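Next up: the same protein chain in two forms, each one alone, written as structure tokens (structure 1, then structure 2).
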Structure 1
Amino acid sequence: MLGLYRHGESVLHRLPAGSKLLGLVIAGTAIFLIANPFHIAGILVLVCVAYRIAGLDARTLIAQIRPALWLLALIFALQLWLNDWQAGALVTLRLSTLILLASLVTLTTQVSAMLAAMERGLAPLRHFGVDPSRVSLALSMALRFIPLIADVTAQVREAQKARGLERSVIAVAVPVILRLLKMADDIADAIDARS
């Protein structure tokens, strides 16, 4: 399954997904409770060391934080304007640490292992009428549908091109959704017929 996972053999890769998730929750809460920017900076250094241990290079590390950079800059400016630079440093360091730590878990855990761990975590919901096998069915179907929707969209755009409408969001979205809903009926009938 394609994902953000980077293959490796490190200790972090070998840790069970469930423990990594639990660790992330605990560490994330702790990072929120710490109000000293220097302590957070210390943790940030530790997280960077952990990237090293996982065999991930600096480029990968920077790639994790890059999408959030402009937001972080905006937040820092906002804090600087409303409070002072210490508050700005605390908030931006805290966010960067959280994002990097969470991304580290994602980078070192296979999607299948993560889904299995989450399905186990959802198991207690059985008592509230959640059927785990139906959850698995929905998860695998959603993954299969994404490329299918891309195909249907490409076909509809091609058809609307003849009418000069391939750039109209509405003229593309409506036929795509209608086709998908009809397809959903067929798929449901097929699954029911086989079970």
Structure 2
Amino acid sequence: MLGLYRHGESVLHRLPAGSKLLGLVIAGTAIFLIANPFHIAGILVLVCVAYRIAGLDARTLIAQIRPALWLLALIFALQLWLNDWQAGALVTLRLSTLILLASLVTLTTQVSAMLAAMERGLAPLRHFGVDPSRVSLALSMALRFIPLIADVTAQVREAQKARGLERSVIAVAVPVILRLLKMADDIADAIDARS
């Protein structure tokens, strides 16, 4: 499963969650300010080295980027058609680096630590009517739903495969959407019941 915490004792595992999240924001911004694809490729290599430092193997790294490969290929082809190969390389390298960097943070940081750091970081926004605990709850729910959506999709795909409908997008999408809406409704009722 993508981006789930992996226990470890590396330097990256021991860094505070707030520092990692702040570093991710700064690095993500810097990546989009750099206009040279070769410099971005160098940063991508550094991110791959960081995976090694964190004690994560190449299979884990590849598993983080594999689901986005078709989208990256499509973006590259579109940029190649509209601009040139350098523009395509720049955009796909930027996105690949950002995906791998964000996955590295989630692989080396417990979700509870991330949410606590976000809640502390959002605390000054109380003066503007933002409730950090609600934002933290929303983020934790979103993070919980990512593997749940993958699980529901796999179950529906298996059921439709048994019926010979695995190639039909509608036969998979409609039951997945209906099950997710039912789960969201149940969760909303549970939250309301607990005030």
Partner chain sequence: MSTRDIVHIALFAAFTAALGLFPPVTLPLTGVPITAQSMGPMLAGAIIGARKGFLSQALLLVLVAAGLPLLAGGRGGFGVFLGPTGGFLLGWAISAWLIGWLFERNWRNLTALKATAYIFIGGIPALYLIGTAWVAVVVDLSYMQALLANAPFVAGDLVKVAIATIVAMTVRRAYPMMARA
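Remember, predicted model here, so these are calculated numbers, not experimental data. For numbering, take structure 1's sequence and count from 1. We call the rigid core whatever largest set of C-alpha positions still superposes within 1.5 Å between the two forms.
Comparing the two isolated copies of the chain, the second one is the form predicted alone. The Cα position of Thr153 differs by 2 Å or more between structures 1 and 2 after fitting on the rigid core. Once the cores line up, the CA of Asp57 ends up less than 2 angstroms apart between structures 1 and 2.
Core-superposed comparison between structures 1 and 2: the CA of Leu82 stays below a 2 Å shift. When the core is overlaid, the C-alpha of Phe128 ends up 3.9 Å from its other position between structures 1 and 2. With the core fitted, the CA of Ala173 sits 13.9 Å away from its counterpart between structures 1 and 2.
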